[in-house]
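One chain comes next, on its own, written out as structure tokens in the form predicted on its own.
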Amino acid sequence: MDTTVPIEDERQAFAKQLQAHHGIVATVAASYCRDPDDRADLAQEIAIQLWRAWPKYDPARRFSTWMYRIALNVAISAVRNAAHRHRHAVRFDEALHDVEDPAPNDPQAEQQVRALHRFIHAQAPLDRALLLLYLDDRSHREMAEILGLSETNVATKISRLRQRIRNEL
């Protein structure tokens, strides 16, 4: 019996999963790129790397966890490569960011969201990934699996980041 899956079925299965979880790609790209064109390029690169890794995906595991791991690795690599190329920091420009407004009539809440976004963008790539996953309500176990860290290390880093947020915001 032939157990190979036709390539068109694989493409459709991948496209279905990518569509169902496209928010992860958009969130990661938005967290690591300020410029809309760079954000689109990063999202495309993430999709390409997901497709390349698709044959190794284990359906026994959660697709979103696998997707986060690849997306964050691609994003962190992109940030490192950009830093290596440019050798200088780019100032944060709030006008380029799409900050979700949880309470459109609450200027204080809007200010807090903007301050949190500034804090997140000022972090090192790994800390930014941890904050992204934390804000997405991922468990320490999932974060550890996605980032290749121990659960204890994740808990420690999250605790330190939360303390820094309390101190700085």
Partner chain sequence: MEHDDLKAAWQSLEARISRSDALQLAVLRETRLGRARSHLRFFKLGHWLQCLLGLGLVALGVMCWTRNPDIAGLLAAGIAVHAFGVINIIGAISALVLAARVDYSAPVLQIQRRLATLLRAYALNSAICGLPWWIMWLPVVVAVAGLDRIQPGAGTPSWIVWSLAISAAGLIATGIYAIRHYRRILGAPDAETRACGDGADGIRRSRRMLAEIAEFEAH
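Positions refer to the first chain, counted from 1. Note that this is a predicted model, so its numbers are computed, not measured.
Not on display, but discussed next: the form predicted in complex with its partner chain.
Visitor: Does residue 17 reach its partner chain in the model of the complex if we count a contact as any heavy atom within 4.5 Å?
Guide: Residue 17: no contact with its partner chain in the model of the complex.
Visitor: How about residue 134 - does it come within 4.5 Å of its partner chain in the model of the complex, if we only consider non-hydrogen atoms?
Guide: Residue-level check for residue 134: yes, a contact with its partner chain.
Visitor: Evaluate residue 117 for contact with its partner chain in the model of the complex, applying a 4.5 angstroms cut-off between non-hydrogen atoms, and reply yes or no.
Guide: Residue 117: yes, in contact with its partner chain in the model of the complex.
Visitor: Should residue 51 be counted as a contact of its partner chain in the model of the complex, where contact means heavy atoms within 4.5 Å?
Guide: Yes.
Visitor: Taking its partner chain in the model of the complex, which residues of 131-156 have any heavy atom within 4.5 Å of it?
Guide: Heavy-atom contacts to its partner chain in the model of the complex: 132, 134, 135, 136, 137, 145, 146, 147, 148, 149, 153.
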